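Just the one chain here, the form predicted on its own, laid out as structure tokens.
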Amino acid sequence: MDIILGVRLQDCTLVATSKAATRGISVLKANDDKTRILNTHNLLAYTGEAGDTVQFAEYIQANIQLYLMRENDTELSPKATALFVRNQLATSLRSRKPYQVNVLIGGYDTKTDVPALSWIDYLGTHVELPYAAHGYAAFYCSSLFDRHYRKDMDLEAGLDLLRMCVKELEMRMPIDFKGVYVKVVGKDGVRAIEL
């Protein structure tokens, strides 16, 4: 019942994740942050099997940090980060214990001054999209994104779109997901904001 939403805007990328950690119909935790900051301009949001998600996110975070240290503080671009994550998921798929993890990677490419949003599923499928969702949110929010998304949206318009999505999810979801955490990935890095 995890909710992950992402919207690429004109000058930043928004990522929203549900606060509730659930198992079936039970809410186990009401303040679970399903994101990891990979480096200054890349954010990983994840959903999937409980043990796999945290272990995979920490593994990716550690490897991105290791790259940063080895390459004299040279950050991976959002595209390079997404391709690394996709490769790790595709490789694990061919092992005895594949990760059951779906991710969104929100980023900001400082060399080209362009925001990025990548959708990657547990099979290693990678697509760069203007908006994306994983979990049950995809069923309810895709039509709202299709109808209201514009390429020239600024931060406030993107937040309004996310508010519409959260309102729709609150109305239609059979379980209380305890609201969402929203993070912005822009030129100045990653920051959390209130919806």
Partner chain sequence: MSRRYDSRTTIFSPEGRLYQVEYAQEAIANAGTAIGILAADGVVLACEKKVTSKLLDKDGSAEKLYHINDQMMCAVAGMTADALILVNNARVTAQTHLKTYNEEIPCELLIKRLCDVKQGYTQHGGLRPFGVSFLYAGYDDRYQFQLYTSNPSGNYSGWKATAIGANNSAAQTLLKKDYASDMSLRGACELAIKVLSKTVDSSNLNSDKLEFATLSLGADGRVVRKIWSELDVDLLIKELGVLEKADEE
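Positions refer to the first chain, counted from 1. Quantities reported herein were computed from a predicted structural model and do not represent experimental measurements.
Omitted from view is the form predicted in complex with its partner chain, to which the following refers.
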Can you pick the stretch from 23 to 31, 165 to 173, 152 to 160, 63 to 71 whose heavy atoms fall within 4.5 Å of its partner chain in the predicted complex? 63 to 71
Evaluate L83 for contact with its partner chain in the predicted complex, applying a 4.5 angstroms cut-off between non-hydrogen atoms, and reply yes or no. yes
Would you classify V114 as touching its partner chain in the predicted complex, given a 4.5 Å non-hydrogen atom cut-off? no
Residue-level contact is defined here as any heavy atom of the residue lying within 4.5 Å of its partner chain in the predicted complex; does T110 satisfy this criterion? no
Contact between S77 and its partner chain in the predicted complex at 4.5 Å, heavy atoms? yes
